[in-house]
Structures are given as structure tokens and as C-alpha cells.
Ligand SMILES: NC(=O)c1ccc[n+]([C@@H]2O[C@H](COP(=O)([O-])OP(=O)(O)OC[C@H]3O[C@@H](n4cnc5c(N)ncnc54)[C@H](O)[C@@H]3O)[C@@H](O)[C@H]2O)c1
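Only one chain is included here, represented as C-alpha cells and corresponding to the form predicted on its own.
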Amino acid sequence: MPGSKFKNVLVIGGAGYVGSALVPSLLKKDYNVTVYDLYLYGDVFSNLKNKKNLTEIKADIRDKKKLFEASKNVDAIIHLACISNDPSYELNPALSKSINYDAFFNILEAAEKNDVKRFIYASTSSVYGVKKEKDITEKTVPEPLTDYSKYKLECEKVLLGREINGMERTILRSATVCGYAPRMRFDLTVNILTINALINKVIKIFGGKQLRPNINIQDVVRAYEIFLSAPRNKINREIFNVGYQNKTVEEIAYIVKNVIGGESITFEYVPTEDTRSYHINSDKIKKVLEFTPKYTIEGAIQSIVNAYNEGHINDGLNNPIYHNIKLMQKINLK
């Protein structure tokens, strides 16, 4: 039995990057997990078909009827689904809004009608925008720069502004996630620098001086598991930053080079319009929930190196399955 009263968990967007690491971990801890996802990136749980506590539903979150059915007998919802990252969002803003924001009301309605007890929402630290402050806490006023971040923040407001059958609600504002997962992404800072170094022996540094908070995907999994088991009085209607190492893009590039150990690896500096730069403070989750990150950027890089050397990555720089915007352009989702 899981160490939580919320045994039956619906993970919306569970076949994505974070979900592909989270779901197997929840299954090992004996949660009954239902994954609700379009599976655009393939059957990431093909090796888990014998798991009796795993249910998979291939469906769109804009389908209210299917959402309602999927939410029956569910104790907790972890909502990960979205058109993720700014370029993918901007490819089709109307489509992205329909998934990232409009469909959010469908999910809440399904949760309310099925008396779901706890709702955990995956937001992003990018809601803070560009900040001059040394430490960005949960009390810092968000100033999102893009529609992707703006609608993440709007969903937060909707979630915390309603009373929904006494449902417990909490929000995770994650730093940029890094490290290997079954549904891999190579459009995130640490990951893309690593795959460039492995394949081309050249690390493209877009800008370089922007400060970015990072979190190993294994720690993100741990955070969601803690949110499932934490007492109501500690997390209800609370927002938590979840980050660890705050580094500039240039500093991350040097870490990648050091971990791989390639003297032949060179740097290529590329101008960028991405001015996001911020240093998030994650003291609150440590104080309230006693959560301290255990895994590092270095460990994340090594996990990618290991997967690459073991043949688990197929054309990491060009294969659309690893790049959200490339896949969105390919499939033309409507």
C-alpha cells in the first residue's frame, strides 16, 4: 500500500517527459495509476503492460466525456498535460490555449463531479519572467513574458480561486527539468547541451549569461510523491517552487563538458532573444515538507550519457520524438 490515503491516482499527461519517470515510480510504490494522454510520443510504457495497477487511456483532455469517465473512483489528480514550452505554444496559439487553458475547466469539472480529494497542478517557474531580485520566492509577483507562462498562471488563479467540494489543491512551480526519462526531451537547457556535446562535440550556447534554475527529473518525481502523501494543512492552496541548482547557461555548458570529459568538445555562442533570467528560491518546500533535492545537474547529464552509450537514444538532435515543436509541426494536431 502507498504511504498515502490517495491510492487511486489519475496522471493527466502521464506519458510525457515527467510522467514517463513519475508513473513507473508510483507503480512501484503500489499506487493504482491511470494515465490519460494522447501518446503523441509513442508507447512509453510498453515495458509495463503486465502491471495490474496501471490503466492507460488514450484520449484528449478537451474531451469532457472521456475526462469524466477517467476521473471516476480517483482519489487524486496530477495534472501534467499541456503544449509545453514557448516555441511549441506559439506554433498554434489558439490550439495551445484550448489545451493549456480552456481544457483546464473540463478537468476541474470532472474532478468536482467525481469528488476527487486532491489536485496537484504542474506549473512552471517561468511565470516569474525576468527578475533582478537575487532570490525569487513564491511571494514574488509573477510577470510572465509569454502566452505559455501566462496561461499557466491563469490556471493557478482558477485552481486556487474556487471552492471545489473541499478538494485539496496544490501547485508545483518547477525549475527547468533535466535528466533521462523514457519519453525524452532534448529541447530543455541541460539536455540539449548534453546531446549536442555527445553527437557534434560542439555545445551551442544560446546567450550564456541568463541564470536558469534546474532540477533533476528524479527529484521532480520525489516532489510529486511527497505532494500525494503530505498532510492537507501543509499543502492545501499552497504554491511551491521546486528547484535546486541555479546556474547560467554558460556555467551549465562547462558542467556538461566536465562530465563528458571530452577535451575535443568546443563551444559555439549563438545570439538569442530568450532573456528569461531568474534565481528561484526553494526554501519553502524544504521548511514545510522537509523536501531537499538529492540529485544534481551532473547526475542528469550522466544519465543521458549512459542512455546514449546504451543505444536508448535514436538521432537525438533531429528525431521529432525528442523535440516538442518538431513533433507538433509533423503531426499538425487540431
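Numbers for residues come from their place in the sequence shown, where the first is 1. On a predicted model such as this, the values are computed, not experimentally measured, just so you know.
Heads up, the form predicted together with the ligand isn't pictured, but that's what we're talking about next.
Once the site C-alphas are superposed and the ligand is modelled as in the model of the complex, is the result open or blocked, blocked being 3 or more ligand atoms within 2.4 Å of any backbone or C-beta atom of this form?
Open: no clashes with backbone or C-beta.
Could you tell me which stretch in 246-254, 202-210, 108-116, 184-192 has residues with non-hydrogen atoms within 4.5 Å of the ligand in the model of the complex?
Residues of 184-192 come within 4.5 Å of the partner.
Taking a heavy atom within 4.5 Å as contact, would all three of 142, 171 and 241 count as contacting the ligand in the model of the complex?
No, the candidate spot makes no contact with the ligand.
In the model of the complex, the residue from 308, 295, 291, 41 that sits within 4.5 Å of the ligand by heavy atoms:
Exactly one listed residue reaches within 4.5 Å, namely 41.
Can you work out which of 159, 76, 177, 235 has a heavy atom no more than 4.5 Å from the ligand in the model of the complex?
Looking at the other structure, the residue within range turns out to be 177.
Give a yes or no for residue 124: in the model of the complex, does one of its heavy atoms lie within 4.5 Å of a heavy atom belonging to the ligand?
Residue-level check for residue 124: yes, a contact with the ligand.
Going by a heavy atom distance of 4.5 Å, is residue 197 a contact of the ligand in the model of the complex?
Contact with the ligand, no.
Given that the ligand is not shown alongside this chain, does residue 54 nevertheless sit within 4.5 Å of it in the model of the complex, heavy atom to heavy atom?
Judged by the heavy-atom cut-off of 4.5 Å, residue 54 is well away from the ligand in the model of the complex.
With a 4.5 Å heavy atom cut-off, would you call residue 304 a contact of the ligand in the model of the complex?
No, residue 304 sits far enough from the ligand in the model of the complex that none of its heavy atoms falls within 4.5 Å.
Sequence-ordered residues of 141-157 touching the ligand in the model of the complex, heavy atom within 4.5 Å
Contacting residues: 148, 152.
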